[in-house]
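Quick setup: one chain, the form predicted on its own, written in structure tokens, and binding and motion questions come after.
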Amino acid sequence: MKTRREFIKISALGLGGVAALSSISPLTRGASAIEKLLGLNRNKPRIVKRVPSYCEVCFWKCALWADVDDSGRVVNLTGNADDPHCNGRLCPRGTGGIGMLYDEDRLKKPLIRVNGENGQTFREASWEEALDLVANKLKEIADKYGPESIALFNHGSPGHHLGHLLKALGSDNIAAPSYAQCRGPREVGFEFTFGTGVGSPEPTDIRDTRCLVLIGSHIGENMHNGQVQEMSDAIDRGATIITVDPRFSTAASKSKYWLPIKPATDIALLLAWINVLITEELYDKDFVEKYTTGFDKLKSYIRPFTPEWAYGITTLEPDLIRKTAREMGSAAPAVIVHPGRHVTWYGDDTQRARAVAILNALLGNWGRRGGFYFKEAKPLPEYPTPEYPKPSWSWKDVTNDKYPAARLSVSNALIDASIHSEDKPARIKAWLVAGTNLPLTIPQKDTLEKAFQDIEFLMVLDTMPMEITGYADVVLPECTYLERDDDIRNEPHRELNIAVRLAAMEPMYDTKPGWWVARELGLRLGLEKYFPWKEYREVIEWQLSQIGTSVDEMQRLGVKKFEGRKTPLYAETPEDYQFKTPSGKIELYSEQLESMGFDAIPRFTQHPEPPEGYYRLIYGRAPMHTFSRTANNPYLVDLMKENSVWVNPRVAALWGLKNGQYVWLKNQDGVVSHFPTKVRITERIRWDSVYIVHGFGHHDKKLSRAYGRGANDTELITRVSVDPLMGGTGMRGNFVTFVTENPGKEVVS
């Protein structure tokens, strides 16, 4: 009988790593404490080389220079001035990369789960032993159930390398939680409208826009670096900013209009805006006539959805709805209704993204200056390896056609397929997890826990002892991005460009790069032909040679720009533009969706209201933190060490709450946050909602700065509204109330 997998706090091991580092008390002041920690003299740093890299603290991947001193340590990070992603300026997260490198809480050695006298624990192991164990388990499971029974959950560059391994083995069950938990609905919504998704970075021409509309998009707190800079420039040039948000966000504070919308009513506002544009003939008539189909049906459908109708739903004054629609119309086509990033809210998210796309189409901004430009990437050849074997089944087969519009693997579908029941045996038997902390990412913790117990093997590759490592059978310590060569960045942008990531220093402790881990496992699994290189530098050198450059040149440049775009930046030529839709035009009315049994035009549906005494839980980002990955970073903790819950003064008075008071949060299903969080009383939040920054409330004491700091919003998200089109998990349908007395959970040590 299989032993149940217990959550193990790695801290219980008292792992030493480098004794001098582990004996230091928790840092209280980022940079100065790091200097003390390393015994470095920062009065006269002697920089001996600059190494090109790009950041991995978030997905924006800003190119940077790592300054290395004469002791071989990285002492400073600066943005690469030639990089269109950052224009030479790093955000707080980017400059905090050194904190990631020198965090003494890092994973230092491979760990293997064992059964001891007092239950399950981890023991340190050599790389050879750990990799042999992983390879043997993967081979055993692949032989017994087929390679497709192994799934990968990933985020960031290590996922690419393990994905290559898994595909070589014969499985394509690879999921990035960022699809179903974050951006998937906008990709699908825009595909059904324009024939193409949005992608990342988003091709929004903010630098030239006259009007920017942010509906649930938090530029400045999400810290999408290039967009933050362009928005600042646009404001300086007099662009109108319109922010729709139940919370007075940073972006709202820079806006001409703030629309404090009632949560869950966004589609009603979008329909009312479309109504005003059409009835007042503010839309781009020439563009709509030439490039769209279904306008007459949209015009007929939209007639009842007036600003007065929307007022009763959104609580936004009809005059405000009209004024903001007219601002968009007068600025068109140099106007952007931003598609957002984290858009999984209420289960109808693809249709809300469709409404955003239709609104943009009416404004005629697709392929227009100040709207959406046509982005393009520098083609980068794949290093030659054999074709992958064709899997006998994939993630699509475990969904039973539930999510017909899903373009990428849906993480929750793979999790469901990992749970055994009498009528539905589990098809996924083993997980590889790289760079994503699933317990603080995936909603519905009970389902995730069941999957942890039912899978036969779990390997985690990470830099930090996150919650996910506590469930692993084997933990492999990855070195940070500053300690490894890695994939060439060739993300699409205005200009064709590439950036390189070269190792600035040797890996600290007994850590290894993700590419090395994947290759070593591949060799043990008999997949040598898929890993014909010894060092990943060989792959980088070959790819660069194919596009007319070299490692030597890229070491000097860091970022290289290329001529020769295949398409213009804007569609300013008279030729007809063909969209990749069934009709070849922008589809305002989607016959494709209609044939699938879905609404051809988005419609507003009522969503659940909070019970009496409860408030809608809204969560978001902070500019100095990325999800839960940076909550222990000594540089960034110095900027924000814990989250707080924003509470409207009317609500605070009703509950007798004081500013700075610690409270626990309890959701509608009786789940209470493990740790308390501070109350922040502010007029910047509607009375029917509370707001909290995501990524705090870590449970592992090995995270000496993050443990017990603030509340973990993910554990309060027990109800999920699933998008029927693509499987996105809408997480904004949860409600919380306040617990002012200690509920008896584990206290902060």
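None of these values were measured; they are calculated from a predicted model. Each residue number is its position in the shown sequence, starting from 1.
Although not depicted, the form predicted in complex with a small molecule is the subject of the following passage.
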| property | result |
| --- | --- |
| Contact check for 134, 459 and 470 against the small molecule in the model of the complex, heavy atom at 4.5 Å | no |
| Residue 723, heavy atom within 4.5 angstroms of the small molecule in the model of the complex | no |
| Residue 717 within 4.5 Å of the small molecule in the model of the complex, heavy atoms | yes |
| Contact label in the model of the complex: residue 266 to the small molecule, heavy atom within 4.5 Å | yes |
| 4.5 Å heavy atom contact, residue 342 and the small molecule in the model of the complex | yes |
| Proximity to the small molecule in the model of the complex (heavy atom, within 4.5 Å), stretch among 356 to 364, 436 to 444, 560 to 568, 205 to 213 | 436 to 444 |
| In the model of the complex, the one of 675, 346, 373, 283 near the small molecule [non-hydrogen atom within 4.5 angstroms] | 346 |
| Contact residue in the model of the complex, chosen from 463, 667, 314, 255 - any heavy atom within 4.5 Å of the small molecule | 463 |
